[in-house]
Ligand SMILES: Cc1cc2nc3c(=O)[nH]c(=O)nc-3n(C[C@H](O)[C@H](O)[C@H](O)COP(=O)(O)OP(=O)(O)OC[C@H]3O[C@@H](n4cnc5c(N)ncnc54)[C@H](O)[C@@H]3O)c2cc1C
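Just the one chain here, laid out as structure tokens, in the form predicted on its own.
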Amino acid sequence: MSRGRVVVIGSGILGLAHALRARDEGFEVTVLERDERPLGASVRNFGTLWPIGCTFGVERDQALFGVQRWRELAHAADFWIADSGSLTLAYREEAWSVLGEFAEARALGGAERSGDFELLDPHAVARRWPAVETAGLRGALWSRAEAQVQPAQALAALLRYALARGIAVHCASLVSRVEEDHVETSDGRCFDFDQLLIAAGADMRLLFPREIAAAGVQRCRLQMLRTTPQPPGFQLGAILVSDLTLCHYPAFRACPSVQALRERLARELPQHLADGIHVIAAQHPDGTLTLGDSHEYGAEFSPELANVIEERILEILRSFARIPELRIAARWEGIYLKSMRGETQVVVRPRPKVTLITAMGGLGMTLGFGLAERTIASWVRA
């Protein structure tokens, strides 16, 4: 017997995570996607599952749950996943101090004793990851928890899996109106619900503009790149990041040396900070590297991608990785909503039966499944 009718607007990872969990709990689920397939931020990212970017405690536990859920679904839905791990490289003394403080804090919490993290000197890094640029390297933090998927492939597989699980998926179905117990699409169809989940990315401001504005979120645009395949045999060996990334993710905010690092970067790389650049390099099975990204905030953006942003991203990449082939095969932008208050999970309930999920701080792939657990559990208890 069905627990009730759930309508999900948006077939990105947040929408599908909630749809699958609701189906597991016995709800009748319908997914409405405005495009022919997912085209938003869920398919425009690195595909990195990133517990190391999450604050220690409840949020990190949620992230680790999410990685495990991805592994289970990769097996069930047949898509690629790799337990790549991440290597955070420190070239400035302040960055090395941040990594030491981070590792010490995690050891006190039990994480390092469980083998999650390992501080390495430059010689150890050079032996295990030949692609790393060791000139000026102070050391690195190796984390085993991070993993990778190919976003477009994984989302397509999850959509097929959702259909096989009995979830109704309607693509090219633009929701134009939300009523108390049903939604209407632009072609005149109606879908009744007992619970409505809206995970429509930046488009949510069109359905509940006042509520989204009050939630303190803003639009953020990223620029990203993909190289042509690297030569046969070349392996990055892990997801690589360096000094700039330590100033980006919430996990490092409590480290005392972060402010000193930020001040030094402001002196040495002021335009990179102004452009919101921190560089991630991730390799996929076809040998290509996904690189990025920048962060531009505003109500609207120029339709053009800036070459200078690309040049700055590649400049930072060369400072920490030796990449044999840097011809760029593809360039794109991603746009999502981000909290102006530093939150990584913004949940808005404008009506008793309506839940909006947004502004995951670039961690939606990592935290989405754990958030779905909480959301659906609240519906079951209702």
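Because the structure is predicted, anything quoted here is derived from the model rather than measured. Residue positions are given as counts along the sequence shown, with the first one as 1.
This next part talks about the form predicted together with this ligand, which is not shown.
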Checklist entry - Based on heavy atom distances of at most 4.5 Å to this ligand in the predicted complex, which listed stretch, 330-338, 60-68, 311-319, 22-30, is the contact stretch? => result 330-338
Checklist entry - Mind checking whether each of T88, G276 and A281 has a heavy atom within 4.5 Å of this ligand in the predicted complex? => result no
Item to check | in the predicted complex, the residue from L174, A126, A168, A213 that sits within 4.5 Å of this ligand by heavy atoms | outcome: L174
Checklist entry - Does A95 make contact with this ligand in the predicted complex, using a 4.5 Å heavy atom cut-off? => result no
Item to check | in the predicted complex, I323 touching this ligand (heavy atom, 4.5 Å) | outcome: no
Next on the checklist: So in the predicted complex, is this ligand close enough to L207 to count as touching (4.5 Å, heavy atoms)?
Outcome noted: yes
Checklist entry - With the cut-off set at 4.5 Å between non-hydrogen atoms, does D116 touch this ligand in the predicted complex? => result no
Checklist entry - Does any residue in 40-67 get within 4.5 Å of this ligand in the predicted complex, counting heavy atoms only, and if so which ones? => result G40, A41, S42, R44, N45, F46, G47, T48
